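There is one chain below, alone, in structure tokens, taken in the form predicted on its own.
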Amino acid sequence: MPTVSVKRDLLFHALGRTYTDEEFDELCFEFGLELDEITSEKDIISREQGDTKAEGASDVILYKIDVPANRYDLLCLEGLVRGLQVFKMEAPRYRRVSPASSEPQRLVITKETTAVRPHAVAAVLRNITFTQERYDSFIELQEKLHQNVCRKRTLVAIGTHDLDTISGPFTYTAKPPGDIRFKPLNQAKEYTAQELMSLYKTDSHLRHYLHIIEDEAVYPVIYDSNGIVLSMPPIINGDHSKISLNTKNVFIECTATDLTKAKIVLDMMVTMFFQATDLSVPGTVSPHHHPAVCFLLWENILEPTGQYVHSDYPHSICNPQPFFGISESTEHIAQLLTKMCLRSEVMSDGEQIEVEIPPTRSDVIHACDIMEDAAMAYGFNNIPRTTPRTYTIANQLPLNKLSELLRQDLAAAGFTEALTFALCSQEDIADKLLKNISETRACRISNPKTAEFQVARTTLLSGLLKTVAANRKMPLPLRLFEISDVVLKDESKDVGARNNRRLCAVYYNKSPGFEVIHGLMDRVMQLLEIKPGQGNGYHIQAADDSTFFPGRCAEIFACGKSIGRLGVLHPDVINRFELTMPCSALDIDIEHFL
């Protein structure tokens, strides 16, 4: 959960009253938040760096508040204050109105951006008044959004500019790095985009975002009508249009690979700071269309009165009362929802509630979300405890129960349990095991973060061998086992794949130890009460498998079905996992025994 740090006195001033720590903790709990810590800047530095470093630091009390990960409207002081105030009074409403004396600003998106970051939305906040605290909160909100919904700028990047230093219409395009040249934020001279990428490789903050575009043939860039560079998203803004405490009109642009997320981020930026604007100056909304890319430009002045005009904000109709077990009137339920920033009205039939979803509540995507908010406003502790209408007895899933029992007995047999990654590289399940990747029925990850996590594992053996390799300096012999799921393609399933619970064990020593693995298999069958023999018993027969040494591999049959294999691993497999001694392995499917 994200944590928001706010100054206690500033928060209480904005709320219009003072709370004790206990009272504010209770208020947060009622609203679905958690007061995580009460501290100060001095205490934090003292705890992390020592008392000497903390000398001279501020003693101002800070509240650290945990907020739900999907409540982007609570990531700054302004959002927290509005949410808590609404919880005690009426919810605000937002409205866009047209500017009185000028045309709306325009942002033109060219087709070149489709190759790198194809979407952009923008807004203007006019006649804003920044105090130092409000300015700091404005910057901090951007950082919180970048780390949260923006996924470290990979999905959305936010740029804010002093509108009075630039002139529209604005152009969002993409150019080769050598063709982009401007003076970046807080720098003394101009650089090309290539030079900036080299400059910021050592920057402790910006170097984490370079990988997003550095391998692209073109870089995104935003110009004003005079050719001044506003920003090179998602890396850095231009110094020419930087905002300050004296800024009165703010141009906000969000470039993105995900248009939905871009709209959410823009809504958060403008709704969180509409109270800082002079509402006597109107704004407008103007949709535009480019032949290659459809986009919206929003120039906003938001007022806490009036009607919604943006049809993208849905209205949900629901009756949450039967779902959380309280006996309240429909009117009271509507009042509870309004306390949670969801303005609600009882419909003409007296049974249904029409709920208006504000732009600040992007987390509301289903009627269940509305029901949860109603229950939260009512107070979970106020819901009476009742006996469930259906009596059930909780029980462990048979497959999990079998797995736990086998784990205990394999450990008693002298084997150590390992827990390996469910994702691995294609090489681990194919080349290293002397198999073709097309034969493994592996599910591939569409956009893997690293080469180590390209596919979902189809066998537990490769993970155990990598574990042995990492512990080969330990005293011999090494006996390891794992009972976990593998993932196999299965067209008969609605998702195209299925999990399969398997047992795998390896024995690593100066001698192959085939008899040890064979004995372990016999012990497993004894535990499962399956006797040796054909038919309803179990038996093994010689088999060929490229992973195992020729002539030292056997297929295992139980109750007439093939359930796995055991044998001595092929020397090439041993070498490819950087091992130096022989190894035997057992791999069986335990789902057949349910």
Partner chain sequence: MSPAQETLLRRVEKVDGGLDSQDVATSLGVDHQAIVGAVKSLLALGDVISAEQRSSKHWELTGEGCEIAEQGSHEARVVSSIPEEGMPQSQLMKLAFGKVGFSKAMSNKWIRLDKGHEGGPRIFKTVEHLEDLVRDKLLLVQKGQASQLEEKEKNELKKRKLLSEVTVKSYWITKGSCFSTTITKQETELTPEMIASGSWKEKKFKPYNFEALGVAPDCGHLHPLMKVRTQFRQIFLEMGFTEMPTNNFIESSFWNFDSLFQPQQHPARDQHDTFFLSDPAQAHEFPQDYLERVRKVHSEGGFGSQGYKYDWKIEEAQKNILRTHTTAVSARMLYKLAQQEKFTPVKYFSIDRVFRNETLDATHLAEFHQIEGVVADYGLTLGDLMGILHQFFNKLGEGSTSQGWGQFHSFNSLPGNVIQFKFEVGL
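Residue numbers count along the first chain shown, from 1. What you see is a predicted model; the values in this text were computed from it and never measured. For the two forms, the rigid core is made up of the largest set of C-alpha atoms that agree within 1.5 Å on superposition.
There is also a form predicted in complex with its partner chain; it is not shown, and the following applies to it.
In the model of the complex, is there a heavy atom of its partner chain that lies within 4.5 Å of any heavy atom of residue 443, even though the partner is absent here? Yes, residue 443 sits close enough to its partner chain in the model of the complex that at least one of its heavy atoms falls within 4.5 Å.
Please tell me whether any heavy atom belonging to residue 497 falls inside 4.5 Å of a heavy atom of its partner chain, as the geometry stands in the model of the complex. So residue 497 counts as contacting its partner chain.
Closest heavy atom of residue 537 to its partner chain in the model of the complex, within 4.5 Å or not? Close contact is absent here: in the model of the complex, residue 537 is far from its partner chain, nothing within 4.5 Å, heavy atoms only.
Are any of the heavy atoms in residue 188 no more than 4.5 Å from a heavy atom of its partner chain in the model of the complex? No - in the model of the complex, heavy atoms of residue 188 and its partner chain never come within 4.5 Å of each other.
Counting any heavy atom within 4.5 Å as contact, can you tell me which stretch out of 136-144, 199-207, 73-81, 370-378 lines its partner chain in the model of the complex? Residues of 370-378 come within 4.5 Å of the partner.
One residue of 418, 218, 346, 469 in contact with its partner chain, assessed in the model of the complex (non-hydrogen atom, 4.5 angstroms): When its partner chain is considered in the model of the complex, the option within 4.5 Å is 418.
Which one, 551, 532, 68, 50, lies within 4.5 Å of its partner chain in the model of the complex by heavy atoms? It is 68.
Listed by sequence position, which residues of 248-268 have a non-hydrogen atom within 4.5 angstroms of its partner chain in the model of the complex? Those in contact are 258, 260, 261.
Taking the rigid core as the frame, does residue 394 move its C-alpha by 2 Å or more between this form and the one not shown? Residue 394: C-alpha displaced by 2 Å or more between this form and the one not shown.
Compare the position of the CA of residue 344 between this form and the one not shown after a rigid core fit and state whether the shift reaches 2 Å. Stays below the 2 Å threshold, so no.
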